[in-house]
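What follows is one chain in structure tokens, specifically the form predicted on its own.
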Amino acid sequence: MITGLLIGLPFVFALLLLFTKGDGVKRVALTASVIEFILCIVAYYFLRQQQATGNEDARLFINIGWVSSIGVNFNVALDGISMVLVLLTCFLIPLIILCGYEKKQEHPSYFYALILFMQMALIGVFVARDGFLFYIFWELALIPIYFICLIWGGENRGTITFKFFLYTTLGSLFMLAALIYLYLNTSVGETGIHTFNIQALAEAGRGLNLTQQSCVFWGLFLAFAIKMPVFPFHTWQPDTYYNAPTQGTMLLSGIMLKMGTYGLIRWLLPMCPDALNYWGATVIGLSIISIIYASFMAIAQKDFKRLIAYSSIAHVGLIAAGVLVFLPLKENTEGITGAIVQMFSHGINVVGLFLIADIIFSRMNTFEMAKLGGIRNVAPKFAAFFLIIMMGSVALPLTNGFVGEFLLISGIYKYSAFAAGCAGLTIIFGAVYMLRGYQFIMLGETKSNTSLFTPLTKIETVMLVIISCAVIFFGVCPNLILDLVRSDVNALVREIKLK
């Protein structure tokens, strides 16, 4: 019941926004997102109770027939792994809506309806337990962000958005082909009908020979790698992030890219363990190349927004490597656990960084770091918030980024000390480009333009306080996430080892 409400509530409010006019649009959108967040906290409470008692809570799943003639069910459920991503989504959406609260927006009813519609699709992706339903939500999540970038984006938005749409759609077709192939290899049982149930698909995948499993592996991996993105499938990302409106960039970087990393954990690992063992060096190599390549690109950037875009590729490369080093015989749970923790932390940090970039642009009308400097002298409070969020991004101990990166590198080390050494460069490189950006923007002598930097508004202050508190809180109390996912990660390991 609660899982269904988490999906349905944003959709209902999105429809309501289409008939809302004037200043009421933002209030309705913000109210809807806050209600959704409260409902998510309730779901978190019930899930923790379920984990403590070991009794399955019917409020956390729905499994009813949908297209029974082809074995498709409306099968959704919350467990520890999906709960982390749903919690991240419901935490960030109110902040993303608040980001535009003081701005004039063309066609606001459509804009905020698209944000809530995307929230519905994202949650659907994270809770789907039916392959066909997962694919539907996966595609639905693309529609609102496509129109957000196309209508409200910057220069050359048509060409850039088309490239983004083409990349992700092509990847989705590979995933669909892989899911259909698995579907056709599921057992028909007494019904005489194949099924898209996730457990049946996983069993079918593990029953394939290496050649067949490899085809499924690459079909799924291409879709997830494009969405994250991982080198060399990343070329759509920097321009899309840069030209999208700030709220669109936050949706893409904070939540949408997590669809790909979540897909690796929930769908690729259980279905293709033998293919992962065979192709592991290749895909882990691509992930590590992403870390190094994107880090050097971030260091070379003169534009702060592009710097954040490339830093996101580096972070997600580390997350992907941590997931892909999973080897059933080694029970390497550190990488998966670290990936889940880091997905949550990265979402918070990158939204905070893009908020900082938006605040700077709204006052200075530029992202070019050389034209900035000395802002700390006129806005010390802003400088302090920037520093806290930046420290979370570079994984300073006692910030939210530290635990996830530590577990990721620990997991990669179990696979290969050399790979861990290369992946660990992300900490050094991250400190270089983020501290360099902070130095250019905030430190030094105040220039004629930055001397006019106006104080933070109340809404900007509230948003930065919330994000900064989250950076520190989840750094000091990581067990709120670790305890949530531990049992489900262990269950995933046991499931894959059954073959």
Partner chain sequence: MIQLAWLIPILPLIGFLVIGLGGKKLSKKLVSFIGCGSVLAAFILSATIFFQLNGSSTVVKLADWINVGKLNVDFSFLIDPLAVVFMLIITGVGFLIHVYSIGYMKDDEKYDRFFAYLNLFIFFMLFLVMGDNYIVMFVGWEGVGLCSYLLIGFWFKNTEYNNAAKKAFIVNRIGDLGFLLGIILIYVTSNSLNFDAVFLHVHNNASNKEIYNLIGILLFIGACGKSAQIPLYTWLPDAMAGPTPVSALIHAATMVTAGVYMIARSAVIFVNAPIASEVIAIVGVSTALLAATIGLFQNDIKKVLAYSTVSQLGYMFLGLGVGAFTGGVFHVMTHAFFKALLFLGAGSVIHAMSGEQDIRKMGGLKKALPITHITFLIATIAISGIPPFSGFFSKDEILAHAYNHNKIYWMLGIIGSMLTAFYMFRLYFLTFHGGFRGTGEQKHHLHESPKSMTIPLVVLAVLAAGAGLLGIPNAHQHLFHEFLHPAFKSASVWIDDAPKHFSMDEGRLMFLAVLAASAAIYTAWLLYKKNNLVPIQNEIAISKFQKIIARKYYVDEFYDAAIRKPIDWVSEKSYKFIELRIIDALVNAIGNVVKWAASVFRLAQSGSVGFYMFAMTIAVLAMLFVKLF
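Since this is a predicted model, take the numbers as computed values, not measurements. Residue numbers count along the first chain shown, from 1.
What comes next is about the form predicted in complex with the partner chain, which does not appear here.
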query	finding
Candidate from Trp279, Phe74, Phe296, Tyr242 lying within 4.5 Å of the partner chain in the model of the complex - any heavy atom	Phe296
Of Leu85, Ala395, Leu220, Leu353, the one that lies within 4.5 Å of the partner chain in the model of the complex (heavy atoms)	Ala395
Among 242-250, 317-325, 413-421, 196-204, the region lying within 4.5 Å of the partner chain in the model of the complex by heavy atom distance	413-421
Gly192, heavy atom within 4.5 angstroms of the partner chain in the model of the complex	no
The partner chain contact at Glu334 in the model of the complex, heavy atom, 4.5 Å	yes
Touches the partner chain in the model of the complex: Gly158 (any heavy atom, 4.5 Å)	no
Contact label in the model of the complex: Ala300 to the partner chain, heavy atom within 4.5 Å	yes
Stretch 408-445: residues contacting the partner chain in the model of the complex, 4.5 Å heavy atom cut-off	Ile409, Ser410, Tyr413, Lys414, Ala420, Gly421, Gly424, Leu425, Ile427, Ile428, Phe429, Ala431, Val432, Leu435, Arg436, Tyr438, Gln439, Leu443, Gly444, Glu445
